[in-house]
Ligand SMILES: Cc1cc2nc3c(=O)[nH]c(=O)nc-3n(C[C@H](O)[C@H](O)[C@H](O)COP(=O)(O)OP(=O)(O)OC[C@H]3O[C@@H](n4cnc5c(N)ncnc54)[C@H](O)[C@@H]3O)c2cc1C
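Only one chain is shown below, in structure tokens, and it's the form predicted on its own.
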């Protein structure tokens, strides 16, 4: 039984059905989703004649789990790289290119900082001190901000790292766990006395001169939702029973290590095993009668809310040429409402072709689409604005930054309430303790999802698949266990 139809739950159901089919096991898998829609925060809509993602819009290539699943559901050939051209940061009112050779929010040396213009003279000097400061690698988990401020200084943190790494989570680097949200930087800090040298040591090999560079991100040509829909088709074809509008109100231990699920509709389901792939607060409510401390841990996990706004502009209202990149990020010191801006046709030039193939083009197909993100864990100003007021406010900021001369000719706002979990320092240890308590209280139940071991799509897929494997092994399905071992 899988509870939750987001990407973690879909990946878990697909894994369960696939493992069972591979060894000819008569395993019945059911997926329950409280809402009427599957896919969770993955959401692609047609806007201005092209697919636009109003949630996650890409997959990090160095994390292989999403690509593996895409291959299994026949979507691998649909994955494309974003358009060429770097991104920018808005710094002191001006768009400046992200430092060359950037790795997880940090360049591999001081020269990219100098060339970017992101840091002032004192900020550059302070960042360079990292090369001569005594070693002080983190002894345990700490915040990203604490490490960066200590090694590279306040300017580097506020102008470069926080809009990159903090922006991904709509959080503050001062409050985000280094181990949970930036393990690659934690590893670099341990690899050398200098953080910058440590990053160079742990960075992937640089391609030989003239060799093509592998993309950092990829996404399906038609947006992320076709990926989710391919998984849904695959699990239905594999015999998974999918029920939407099926909210679980209680989970109770049953006989012979089974679990009893009580639905809001009044129905009762007996299950040999359950994967609970729902937001932390929902999971906390379901496990509270059986694992009090774990429920408290999950209930205390904060979530940030954000809004994604697509704006379509007539080309005549834009300057002669947009900056030569795919978009820009906005640090807190700029005091803007928007946190990020994407030039959609630059980042995903394939989307126009998809619209033409599918016949979804409309009279706005000529427009230039710009997508803006708003909202941070400590900035909920957008929640007090109507959609119209939010669009107007974002247009004013874009007009000032890019030189737009006329308002958008179309817009769409999608609000995501409580979508991004905030991993505070010590998060991995707290989650490990909560998982252990749940396993002892409810051995037939596994936790999976964005609240635990990573919020990106690839990490959620990894978590759902791992939970499925654990359930198969727990159930003593020897053939499935052997299959898992071989893979």
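Numbering follows the first chain given and starts at 1. Because the structure is a prediction, the values reported are computed rather than measured.
Keep in mind that the form predicted in complex with the ligand is missing from the display, and what follows is about it.
This chain is displayed without the ligand, yet in the predicted complex the stretch 454-462 from 454-462, 438-446, 425-433, 44-52 comes within 4.5 Å of it by heavy atoms. Proximity to the ligand in the predicted complex, defined as a heavy atom within 4.5 Å, holds among 246, 228, 119, 87 only for 246. In summary, among the residues 410, 416, 81, 164, the only one with a non-hydrogen atom within 4.5 Å of the ligand in the predicted complex is 416. Among heavy atoms of residue 308, some come within 4.5 Å of the ligand in the predicted complex. Shown alone here, residue 70 lies farther than 4.5 Å from the ligand in the predicted complex, counting heavy atoms only. Looking at residue 123, you'd find every heavy atom of it more than 4.5 angstroms from the ligand in the predicted complex. None of the heavy atoms of residue 325 is located within 4.5 Å of the ligand in the predicted complex.
Contact check for 171, 331 and 379: none of the three has a heavy atom within 4.5 Å of the ligand in the predicted complex. Of all the residues from 258-279, those having a non-hydrogen atom no more than 4.5 Å from the ligand in the predicted complex are 277, 278, 279.
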